[in-house]
Each structure stands twice: as C-alpha cells, then as structure tokens.
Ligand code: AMP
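Here's a solo chain for you in structure tokens, the form predicted alone.
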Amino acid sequence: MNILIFGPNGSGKGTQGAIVQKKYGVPHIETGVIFRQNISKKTPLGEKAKAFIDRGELVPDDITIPMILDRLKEDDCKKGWLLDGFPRNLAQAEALWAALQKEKIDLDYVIEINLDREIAKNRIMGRRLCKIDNNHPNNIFIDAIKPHEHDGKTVCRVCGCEELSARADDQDTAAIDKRHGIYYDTKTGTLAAVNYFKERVKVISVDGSVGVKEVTEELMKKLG
C-alpha cells in the first residue's frame, strides 16, 4: 500500500503516520531524512542538494524528486510506503505525479487530516514539555492531555512534575503563520496539492479536531 499523508502542523500527522506505518508494516519516509541520508553518504544528488542548502536556498524539485524516487525503489518499500512532508505545493504535486507515472509507481491513497487553522495554531502554542520526560503529552489547549492543577500549580498530567516549559519555536507566531500560510493555500499551496490528488486517486479525509484515538479509528475504518 503506497500512501501520501497530509496535515498542517498541529494536526497530529506524525502520530497518525506512525500508527499507519506500524499497522501496515511499511516504512515512514520523510523528506528531511532523505536529504540527510543523501548528504551524509555524499551521493551525487546529495552533493547537489548540499550546495543549495549551504547557500540557504530551497533544493529544486528536479533534485528532490529523484531522491524520493530512489528511496521508494529500495527493498523495504516493495510492500508499500508512507511518504510524509512532500509535496508542499501544487507544482511539486504535479511534478511528483508525473514522475510516479513515468516510473510506473502506484499511489494507492492520500490521507488528509483536516484541522481548522486557528485550532492548529493553538495546539502548537499549547504544547508543554515535562522536564522529566519530554514524551509526556501535555497541551493546555487539548482537554484530553491538559496538564493537571495541583496546589495552585500546573503540573505534568503523567508524572506530576512541576516544571513544564514551552519550546521557543512553538511560541513563534510569525513562523507558525508562515508555515500555515503555505499549507492552507488552496491556490498554489499544500491544500492545492491535496485537491490535485483528489482528481486522480482516492483521498481519505479525517477530522483532526477530535482525540487521537478517534482520528485513528476513523482513519483505519476508511483505509480498510
């Protein structure tokens, strides 16, 4: 089963992607990891990509897409794959689709996690890190994982640690708005890419505003 997954920052895309990966036994492929692997191995494409990255420029699609295709052809992808983080806009969607068609690589499903932009922003800004374990889920804007109150203090809902903090980048509203501006753009951005695929493959849309368990249940039901 070959799948693309989309969702704005704050939608739980990473969590659901990991669940899909585990259930179907397919590799979770992230473009950032592909870049790092090609650069560290000093592949021809990696060397080209590094030159752009070193200059602070975006890596062109004619370098990124061949990297992705090379990864999709590896042995662990023979039973399927879950591609995350690409395409980010309409032009990339068109280029990726053309490349997949040329290589005769099927795309079975596109997963879209829907979430209101303001809710997505609040979720990012509401994340709190536990000093004892950063993996303890705490978010002041999500009822299911909201930190507890104890003796007038906000404490970790898992271990009771009194030291919760917010990551600086989670509070950078300009950066969040910039990323979301690209994602929610229905003309040339990521949602335009999702709409492009809706005309070509089965797109499974799920409501990301509910709890993780509910999102997973809806997703698994639709994937079959």
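Bear in mind that the values here come from a model prediction, so they are computed numbers and not experimental data. In case it trips you up, residue 1 is the first one in the sequence shown, and so on. The term rigid core refers to the most C-alpha atoms you can superpose between the two forms while keeping them within 1.5 Å.
Keep in mind that the form predicted together with the ligand is missing from the display, and what follows is about it.
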Q | The unique member of 166, 53, 69, 158 whose heavy atoms fall within 4.5 Å of the ligand in the model of the complex | A | 53
(Q) Please identify the residue among 114, 154, 101, 92 with any heavy atom within 4.5 Å of the ligand in the model of the complex. (A) 92
Q. Though only this chain appears here, would residue 199 touch the ligand in the model of the complex if you measure heavy atom gaps against 4.5 Å?
A. no
Q. Quick one: is residue 62 in contact with the ligand in the model of the complex, heavy atoms, 4.5 Å cut-off?
A. no
Q. Could you tell me if residue 109 has a non-hydrogen atom within 4.5 Å of the ligand in the model of the complex?
A. no
Q. Does residue 177 reach the ligand in the model of the complex, with heavy atoms at most 4.5 Å apart?
A. no
**Q.** Per-stretch contact check against the ligand in the model of the complex, the hit in 119 to 127, 83 to 91, 70 to 78, 136 to 144 (non-hydrogen atom, 4.5 angstroms)
**A.** 83 to 91
Q.
Check for me: heavy atom within 4.5 Å of the ligand in the model of the complex, for each of 207, 221 and 224, yes or no.
A. no
**Q.** Residues of 20 to 44 having any heavy atom within 4.5 Å of the ligand in the model of the complex, listed in sequence order
**A.** 31, 32, 35, 36
Q: Examine residue 35 after superposing the rigid core and state whether its CA is displaced by 2 Å or more between the shown form and the other one.
A: yes
Q) Against the rigid core, is the Cα displacement of residue 65 between the shown form and the other one at least 2 Å? A) yes
